[in-house]
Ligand SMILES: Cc1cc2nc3c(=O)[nH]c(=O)nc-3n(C[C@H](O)[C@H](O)[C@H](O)COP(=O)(O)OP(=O)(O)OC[C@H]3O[C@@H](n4cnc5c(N)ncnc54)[C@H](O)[C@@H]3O)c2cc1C
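Starting off, we have a lone chain in the form predicted alone, written out as structure tokens.
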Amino acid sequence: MSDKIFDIGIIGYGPVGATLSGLLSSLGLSVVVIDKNKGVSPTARAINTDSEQLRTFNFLNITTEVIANSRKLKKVHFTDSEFNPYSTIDIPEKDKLGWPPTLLFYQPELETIIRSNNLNYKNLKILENAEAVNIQNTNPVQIDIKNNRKDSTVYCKYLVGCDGANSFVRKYIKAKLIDFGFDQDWIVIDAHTTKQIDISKDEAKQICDPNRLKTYVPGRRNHKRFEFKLLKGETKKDFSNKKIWELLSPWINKNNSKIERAVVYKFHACIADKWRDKNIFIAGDAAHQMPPFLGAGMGTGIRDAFNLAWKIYLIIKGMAEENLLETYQQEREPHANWTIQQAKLIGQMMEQFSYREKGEKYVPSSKGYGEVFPHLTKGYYGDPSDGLIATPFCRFDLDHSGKDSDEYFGWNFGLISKKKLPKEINLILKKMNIKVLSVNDNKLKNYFKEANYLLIRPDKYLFSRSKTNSDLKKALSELENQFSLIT
């Protein structure tokens, strides 16, 4: 056996694997990444990020750079075949996290930003052109690797498969995909304009054309994304270069643009039935796949990464028991499931509007998940019907410090208090390694309505709101139990 045992092994170095490896390395853990490819994705695939992902990127100090190299989206239209809107979603400039709720990026560029930052971590080892060919779920986990030069073996305490829809790791842990029955064939076309043309730069369109459903998304700078649903009987052989330019003709042509790629994909809506086997986990597309209508596939994987990172960190540092990792799938699966259902619902809305143009009635087979989404269905204490508990906590500037609340709390559990804490509770907080912040209640008026204390998780979800010292002690006890904390 090699003398080196890494804290974490990650198979797959796409956006999710790269983000996870950066988060764990930034915490001082030793990480090895195994990827069968070399370099960043040569083409655009994922295209959309949101403020919660930007919060994760901020822990890597790359959010400013990501925003500077992305495009803010202002509107999303559901339109008829002539681009006349049936319905419009207005997107605010910023949300409660202080960042744009939707940003459009170019994947090769985003991956470069993440990977370049990862070069700062000397405890991160990247093995490219290296394919994992065998795994043994022993202690430590053993991964046998095949590459062009010589085969090798690495060992790690935990292994995470971020290796995509055809995940080798998912197959190894014998996880089965639960199929929600929404397979569709679409051709995805990425193009770059070479001249200034009159084309929408900050408004996306879901085009509900009864003759063919279409999507247009204005990527960053001169990148444009187009998607067209295949008609019954069509295959990828039907999409010659001439046919592709015909589809693109309402927007661009050969004289003002060039095509980067045109690929027929089968979109899926599915989720793995298990995300863990002992010390092996799956995340991102390995754990869930969804139609592209929300642009939420990568983002769901980034949320997986953040959720898993702080929990593995607590365990390796001896601050939590091993059974904390049972909460990973418990917390992430409902959110991923909800996101899949919403993506399906948007596809059904497009179908519905397209039938409307033909004068026919159409009722979607599903109305979505059918519940108010609290972001977390586990991992909180209190009543989430207040719309605050179990959701991402806001980010705010601290007076005169130059820091914001996320920077202040870092990877700690946090308590925000508007009342002076008694000595007894201060001792409990110190014992539990909970960082305390006293703030003026006007700054967090909604949160402090009928509450004096707010408990925040390391991933910045609001765990609880308490009014009295007695309530706070109960919440602290529940936090200690739920997260298997060693105090």
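Values in this document were obtained by computation on a predicted structure and should not be read as measured data. Residue numbers here begin at 1 and follow the sequence given.
The following text describes the form predicted together with this ligand, which does not appear among the structures shown.
The candidate spot formed by 48, 168 and 297 lies fully in contact with this ligand in the predicted bound form, as each residue has a heavy atom within 4.5 Å of it. Mapping the unseen interface onto this chain, residue 313 falls outside it, with no heavy atom inside 4.5 Å of this ligand in the predicted bound form. This ligand in the predicted bound form is approached by residue 131, whose closest heavy atom lies within 4.5 angstroms of it. Contact between residue 215 and this ligand in the predicted bound form is not found at the 4.5 Å heavy atom cutoff. Taking the partner from the other structure, this ligand in the predicted bound form has a heavy atom within 4.5 Å of a heavy atom of residue 107.
With the partner removed from view, the residue among 225, 344, 71, 332 that has a non-hydrogen atom within 4.5 Å of this ligand in the predicted bound form turns out to be 225.
Shown alone, this chain has one stretch from 244-252, 77-85, 297-305, 90-98 that lies within 4.5 Å of this ligand in the predicted bound form by heavy atoms: 297-305.
Of the residues in 14-33, those that come within 4.5 Å of this ligand in the predicted bound form through at least one heavy atom are, in sequence order, 14, 15, 16, 17.
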